[in-house]
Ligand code: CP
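What follows is one chain in structure tokens, specifically the form predicted alone.
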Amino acid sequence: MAAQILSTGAVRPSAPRHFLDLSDLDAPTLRAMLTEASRRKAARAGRGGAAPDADAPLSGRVLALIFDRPSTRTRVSFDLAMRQLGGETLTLTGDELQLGRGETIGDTARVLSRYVDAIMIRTLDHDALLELAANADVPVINGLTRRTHPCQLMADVLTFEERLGPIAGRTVAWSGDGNNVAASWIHAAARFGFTLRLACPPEHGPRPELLAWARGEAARVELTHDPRAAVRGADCVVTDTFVSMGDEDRDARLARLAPYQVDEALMALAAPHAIFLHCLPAHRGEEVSPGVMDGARSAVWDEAENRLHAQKAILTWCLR
């Protein structure tokens, strides 16, 4: 595909920089994004509102936000991130676009590429994300699919390192469903060099091909059915909702996952300095107890804020 001249006079490269999964990028690239996120967060310390950053690097650029599913943090953080970088956003829902129904996803990608400078999509269908990226002439960002959630992991690693220092060589414990967030934690373990212990019921473990990928990357990923074994001595304990969008067997899932709730007794097995992370929304009394969620070791509100700073780093990488 030929290079294109943007309205700002900049040249759009022929090969867009997509942010689809952590596994697609090398460790130095991801580390540079975290450094950029930290730098921009520090530069804005004490400033309120959505005024542009001092350098406004994305002035004149437009980001399309496509939501095939409801969203709070992804929508607000990407919208504010783009504004603070000097750009603008256009928010669209799957119903408005008839994504993959009234028009093929490939054709939607080709059309949007003529209008906007980047596309962020949140959809359960991972194949739809890949088809969009394969046909777009602009960067495509994975805001969430049923398979992975890489933007969340950038915020999570940023939060860990703010609280506890470098994550390399440390231990993170996951207790609960081996879902999309758990999958991106597996990718992160390979790229950032930490040990990940996953405690999941047999029916809700990570996909076998994902574990095979981790072995091929020599990632330190350990799988167990015992949450206590996973959490013992860990630097960080993570969980996510036991019932996600699109899951229909709510009662059965909750019954199988109940022993994996992160409560005070489980958290006490972690290292004394350990923090608790949850990508939100949280369901107190299901995957996490109120005492852990709202306790002194919880870093979930810093984690939620850091979505904003991580998105800014992702956007500047994609568009600069």
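On a predicted model such as this, the values are computed, not experimentally measured, just so you know. Residue indices: 1-based, along the sequence shown.
There is another form of the same protein, the form predicted in complex with the ligand; it is not shown, and what comes next is about it.
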Superimposing the pocket C-alphas so that the ligand sits as it does in the model of the complex, and applying the rule of 3 or more atoms within 2.4 angstroms of backbone or C-beta atoms, the verdict is open
Only one of 147-155, 206-214, 184-192, 80-88 has residues with a heavy atom within 4.5 Å of the ligand in the model of the complex, and that stretch is 147-155
Could you confirm whether L280 comes within 4.5 Å of the ligand in the model of the complex, counting heavy atoms only? yes
### Query
Is K312 close enough to touch the ligand in the model of the complex, meaning at least one heavy atom pair within 4.5 Å?
no
For this session: Please run the contact check for R197 against the ligand in the model of the complex: heavy atoms, 4.5 angstroms, yes or no?
Result: no
Checklist entry - Heavy atom to heavy atom, is N135 within 4.5 Å of the ligand in the model of the complex? => result no
In the model of the complex, the residue from G49, P70, P290, P272 with a non-hydrogen atom within 4.5 Å of the ligand is P70
Contact with the ligand in the model of the complex, heavy atom within 4.5 Å, among T171, T74, T108, T123 goes to T74
Near the ligand in the model of the complex, with a heavy atom at 4.5 Å or closer, the residues from 283-320 are R307
